[in-house]
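Given as structure tokens, the chain that follows is alone and in the form predicted on its own.
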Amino acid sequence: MQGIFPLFTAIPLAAAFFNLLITKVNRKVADYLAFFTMTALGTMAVLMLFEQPFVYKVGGWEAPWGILLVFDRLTAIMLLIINVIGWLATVYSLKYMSTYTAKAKYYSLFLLMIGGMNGVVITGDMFNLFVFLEIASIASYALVGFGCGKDELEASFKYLILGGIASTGILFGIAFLYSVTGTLNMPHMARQLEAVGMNKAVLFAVALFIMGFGLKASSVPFHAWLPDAHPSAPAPISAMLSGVLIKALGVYTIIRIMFNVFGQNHLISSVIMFLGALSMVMAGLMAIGQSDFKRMLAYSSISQIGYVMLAVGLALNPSIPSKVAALAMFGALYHLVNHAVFKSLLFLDSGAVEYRTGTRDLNKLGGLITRMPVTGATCSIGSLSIAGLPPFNGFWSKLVIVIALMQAHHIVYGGLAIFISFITLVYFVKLQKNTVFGDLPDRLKAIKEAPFAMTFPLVILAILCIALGVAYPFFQHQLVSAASTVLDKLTFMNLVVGG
């Protein structure tokens, strides 16, 4: 399987290029090319779960001169999230995107975004991480504004400006670290930083990374682009933005760099925990007042990522027992996976609702369970999952995070996590009341269920919401192993330097 590892970037990037050429002759080929490309990537991601950690040397060049691609348990989980959710979003797009023009361009941008995210996850080099991050970001800017309406273009432009600021900060952070360490290879950089220590240049680079990657993750106070981007983007892109993109470009990069390059640190831990709690609370409270289906989900995404950031920040604290740090990182990765599933489900549900009703306004909906039973039922499962009700998956990951906070004696943060879980339940009860249940408006009495290509991904994701809750002991080893990989900086360095 090591030989196919670079194909996670090569396949989608090549397919994006050839798609534009082939569709000049036959436009219908775009659907088939995108579907089979994502099917191949999804299958490869599943198979990689059974592979042992390794390093792939591009061109056979040794580090630090050559470019290295790193595979470990954390990489395996992120590749699975990106490519499986990407496959489901592609299936959904087969029918949903028929209402848009320039479908071939949509798929090329989509595949560029997938290739960029895969590259971010597999690279062991800071500059290549930046290059792949930019590929994914630029594609996502265009996809947010794909409808070409006034609101879409405004949201895309705001995302472009803020994303450009974030990318500039990240690039400057990489430059500062290069000036201090003389290398761009992550493990070699980590070894140099151990000798140099946290001087002012390194601390400034850390601040730039927290700002840059925090904006990519849409963490408060860097979140302004997301509530506009979600309502404007096509539903499958909203699912990818919230379910995958903010994790691959934001949360994953924070985890990988802060743990495996800088290492555990009190100051970094405190800052990330504070930002996580701030995101969790502020976005959760703002979600209550929203009447736009997708805007409510956007604020909810910011709030739920706050849980992950809070747990990551806790695990970064070097003074807590190693078992508590491992529990916190396990909770962070578990909630990362869970959020990818139930938030992708809810955004695809919102797309199905808008596809049939023509509106996202919660005040103009109601009683959809009678006319759209699959959409209504899966939306209810997604809502119960994200609200953290047992036995659905969201309950267990939130419980693990709260237990880790309490064991580390962060009583206030633990109390806030419980409080926001109740707030989440409040606004999702409102969502259910105004869309799935209640009285069906007269103008919607003739609507039908969404097409099969759109309901199939909903059913798969709803099943995963249940399975990740009731059957988590069967995949617990993967998440625990990934958490251990993240926390063990020395093993990461030895894997790459010794590889």
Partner chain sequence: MIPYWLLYFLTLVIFVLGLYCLVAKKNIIKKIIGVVITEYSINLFLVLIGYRKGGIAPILLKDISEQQMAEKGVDPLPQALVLTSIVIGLGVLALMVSMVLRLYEKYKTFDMSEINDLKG
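Residue numbers count along the first chain shown, from 1. What you are looking at is a predicted structure, and each value in this text was computed from that prediction instead of being measured.
A second form of this protein, the form predicted in complex with the partner chain, is not displayed here; the remarks below concern that form.
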property	result
Full three-residue contact with the partner chain in the model of the complex, heavy atom 4.5 Å, for 48, 51 and 84	no
Position in contact with the partner chain when the complex is considered in the model of the complex, options 196, 207, 426, 165, heavy atoms within 4.5 Å	165
Contact residue in the model of the complex, chosen from 158, 95, 188, 105 - any heavy atom within 4.5 Å of the partner chain	158
Residue 138 within 4.5 Å of the partner chain in the model of the complex, heavy atoms	yes
4.5 angstroms heavy atom contact with the partner chain in the model of the complex for residue 409	no
Partner contact for residue 130 in the model of the complex: the partner chain, 4.5 angstroms, heavy atom	yes
4.5 Å heavy atom contact, residue 299 and the partner chain in the model of the complex	yes
Heavy atom contact within 4.5 Å of the partner chain in the model of the complex, the stretch among 244-252, 172-180, 306-314, 86-94	172-180
